[in-house]
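Next up: a single chain in structure tokens, the form predicted on its own.
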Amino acid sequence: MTHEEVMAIVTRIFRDVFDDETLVIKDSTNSSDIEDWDSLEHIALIVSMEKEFDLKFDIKEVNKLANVGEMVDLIISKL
């Protein structure tokens, strides 16, 4: 999958988790950019991405992520 294809799926997941169809996600988006992005929502995002892409993240990998672009790159590396 390309970066753009994964980003489209990740954007859909973010919109579902945050219940906001107008949410715009970019590579640089991080938790400070989305008001409702707290630790509980973060877990929901990770679980949703694991289910959608049929993969598992290591907690160390997740803790190192600084933004959505790094998450997309991590997903691509595991596919």
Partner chain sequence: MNEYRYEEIETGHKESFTVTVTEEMMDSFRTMTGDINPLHNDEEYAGSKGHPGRVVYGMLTASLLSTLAGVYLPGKRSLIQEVKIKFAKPVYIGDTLTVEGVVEEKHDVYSLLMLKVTIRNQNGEKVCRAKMQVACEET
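Numbering follows the first chain given and starts at 1. Please read these numbers as outputs of a predicted model, since none were measured by experiment.
Just so you know, the form predicted together with its partner chain exists too; it's not on screen, but the next bit is about it.
Visitor: Check each of D36, E50, D33, D27 and return the one that places a heavy atom within 4.5 angstroms of its partner chain in the predicted bound form.
Guide: After the contact test, the surviving option is E50.
Visitor: In the predicted bound form, does K56 have a heavy atom within 4.5 Å of its partner chain?
Guide: K56 belongs to the contact set for its partner chain.
Visitor: Using heavy atoms and a 4.5 Å limit, would one call V62 a contact residue for its partner chain in the predicted bound form?
Guide: Yes, contact at 4.5 Å.
Visitor: Which residues within 1-38 place at least one heavy atom within 4.5 Å of its partner chain in the predicted bound form?
Guide: Stretch hits: zero.
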